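Let's start with one chain on its own, the form predicted on its own, as structure tokens.
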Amino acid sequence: MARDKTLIVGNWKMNLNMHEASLYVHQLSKVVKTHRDVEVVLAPTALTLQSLSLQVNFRQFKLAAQNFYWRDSGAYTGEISATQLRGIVQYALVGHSERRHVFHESDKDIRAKVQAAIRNHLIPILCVGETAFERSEDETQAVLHDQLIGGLANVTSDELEHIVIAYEPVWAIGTGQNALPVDVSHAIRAIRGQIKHLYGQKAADNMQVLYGGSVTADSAADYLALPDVDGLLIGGASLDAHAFSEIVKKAHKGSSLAK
């Protein structure tokens, strides 16, 4: 992905039914301004994706799937494939910490999902990050290395251009604990270093890397000011129209100042 736009992704998780989601998108459309240098992506529940795809103005918002199965079709009761999501979403979250730790998705599962997204022309947002225990054991860089190797295995240099990486320290998600900007910067530099090792300096420089972890309207600017951060993956604050619009505003202001 080119780094010419700041990417702001709102992950609604398992919140809002169809009626609530429709009303919320209507509300967001009034308060979130459209900027050429900011791409705003909404990740609602799978149940609401199709109806919202007919409601949103794609110049204002793009849509992302929170999850999908890596097979394109078949006897997989209850699952949704990337093939079925084509034409509805433009992005898809892959390897979110809740998928890894609550639903026990393995690196093999995540690798297969990255491949499924790519072959179906969706942009996977590959999430990586360490737990509190791994952080306490000073294993952050090793965890990032393993998760990147696991998720990007078999990805070519050309395919890498259509992937976004999101650094989300597990210990900072939904806990109210804020990662210090210096820690985020170190982790994202480690991510770019691993990309350089696998694909070269140009790929590392061009890689779009987001930060996610209890980001609020108040803390967003600090993270967006980091030179290696190209956007944010927002959880709880994405369900607050005012907070989310403020984050988008700060992303635009930060992009303008950087030029």
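If you're wondering where the values come from, they're calculated on a predicted model, not measured in any experiment. Start at 1 with the first residue shown and count on from there.
This protein has a second form, the form predicted in complex with ligand PEP, left out of what is shown; the following refers to that one.
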| item | value |
| --- | --- |
| Heavy atom of Gly231 within 4.5 Å of ligand PEP in the predicted complex | no |
| Interface membership of Gly212, ligand PEP in the predicted complex, 4.5 Å heavy atom rule | yes |
| 4.5 angstroms heavy atom contact with ligand PEP in the predicted complex for Glu130 | no |
| 4.5 Å heavy atom contact, Lys249 to ligand PEP in the predicted complex | no |
| Contact segment among 44-52, 65-73, 214-222, 191-199, judged by heavy atoms lying within 4.5 Å of ligand PEP in the predicted complex | 214-222 |
| Ala92, Ala116, Ile173, Leu144 - the one with a heavy atom within 4.5 Å of ligand PEP in the predicted complex | Ile173 |
